[in-house]
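This document starts with one chain, in the form predicted alone, laid out as structure tokens.
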């Protein structure tokens, strides 16, 4: 494992690279956490190890305001995450051992995967949105995020959540994003993974994504919640089977 930072316009993004044992040349998957998350969460470590076992290197990166990366959590926005992810993609494309590039993210990272997949559609052999929270822009426009109601026209300066808050810019940015545009741009293979009893991301959004993508497969893990607790083995098998068909 290698640990380092990737520069994004002066913002340091904490990253770790794990390669399959003995591999000189191999595919690489960029792996991104979700809202309030970080790269060491159990479901992400499970995902990383499953990819390594399938012969795929994994570049885990933490986005603005999360984990060991620069920035305050309350000041992060989806625009900042998009800029961060583009910097990570640019870094990955320069690695000389990489044969093919993949992108995977969980929850808000899954939403990011859908956005970056469309923006960089020629770069990825496939993308893997896990429990993708692509309802965020819709909810932002309707005036309810994370269970907090607000006026969607006259936006608050901050959005209180749990024991912290988000700046109102998070809402302003989210309202401008239309994920369907980037879904339409991406024509490669898509593996959508979702927990059967996920109470964070509605199943309807993932089912809609599966229909809108041109080449998508949806795998629902029965009995699994948002982070697949208690069902990590099924998550690992799903990922390994996907890559074993391609690597």
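Residue numbers count along the first chain shown, from 1. Computed from a prediction, not measured in an experiment: that's the story for all the values here.
One more form of this protein exists, namely the form predicted together with a small molecule; it is left out here, but the text below deals with it.
Site annotation in the model of the complex: the residue of 16, 19, 226, 231 reaching within 4.5 Å of the small molecule with a heavy atom is 226. Put simply, of 145, 92, 173, 126 only one has a heavy atom within 4.5 Å of the small molecule in the model of the complex, and it is 145. Taking the partner from elsewhere, residue 195 is found to have every heavy atom lying beyond 4.5 Å of the small molecule in the model of the complex. Looking at residue 101, you'd find every heavy atom of it more than 4.5 angstroms from the small molecule in the model of the complex. Residue contact check for residue 212: none of its heavy atoms lie within 4.5 Å of the small molecule in the model of the complex. The shortest heavy atom separation between residue 79 and the small molecule in the model of the complex exceeds 4.5 Å. Heavy atoms within 4.5 Å of the small molecule in the model of the complex are found in one stretch of 214-222, 186-194, 50-58, 31-39, which is 31-39.
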